[in-house]
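Listed next as structure tokens is one chain, alone, in the form predicted on its own.
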């Protein structure tokens, strides 16, 4: 599963045809679904539904990283996610990533069937980069300024795109030095993680600048508060149209993976984009 996944990610990166990563939050306090899939059976049913809608990857998370979120222990996180990963692995061939920053959770989830690590903390926790190297699976390194509880208080950058790119380059170098394979590294600019609306918009507008280092790019904008600020939609589940617009823009700017709540509609958007991209221009009239 791991070999197949990293080959698909690399292909998506080369061909600029993003994979769709469906979000499965096994948490009581997620910003978007507010604990709707808090119980393992509900999370598994949701994962099955996302897979039926066309998800290429399922991202399983047991700790909320919304602004102001309180941390949970590794033991709590493992208890939340491992049963879900095991049950999904027994019923689906869709690869899973584990959304965690804790090495203990990484190891438990991969042992249960996860094929990728998605770390919002950029492998900075003690033992995280070593664990990722040992597990030998694809890993997404994300940029976050500050910590979830405080990251939105006063985010500041000299040049947000250059600063994010520099951080991702440093953490990618650390990953390589620890023994993580080059082809296993994915980067994520971290929309909404220690960024103002202006920072987020600049990152999206200049997203292609982040491709210069050569790493596949994961983008998670789905339902985020930046879209609510633009549209005036206060409820996260009212931001479908804005999320689809952002997904289209990000796909056009080279994203290899789109991390989304609304899998089916996003798959449809990408089908339209692909059809237009592949269309042969009509012969000019004479």
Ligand code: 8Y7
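Numbering follows the first chain given and starts at 1. Values in this document were obtained by computation on a predicted structure and should not be read as measured data.
The next section is about a form of this same protein that is not shown, the form predicted together with the named molecule.
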Task: Joint contact, 65, 120 and 140 to the named molecule in the predicted complex, by non-hydrogen atom at 4.5 Å - done: yes
Task: Interface membership of residue 218, the named molecule in the predicted complex, 4.5 Å heavy atom rule - done: yes
TODO: Examine residue 188 and determine whether its closest non-hydrogen atom to the named molecule in the predicted complex is within 4.5 angstroms.
DONE: yes
Open item on the list: Under a 4.5 Å heavy atom criterion, is residue 46 part of the interface with the named molecule in the predicted complex?
Closed with: no
TODO: Heavy atoms, 4.5 Å, the named molecule in the predicted complex: which of 170-178, 203-211, 77-85, 188-196 makes the cut? Say which one.
DONE: 188-196
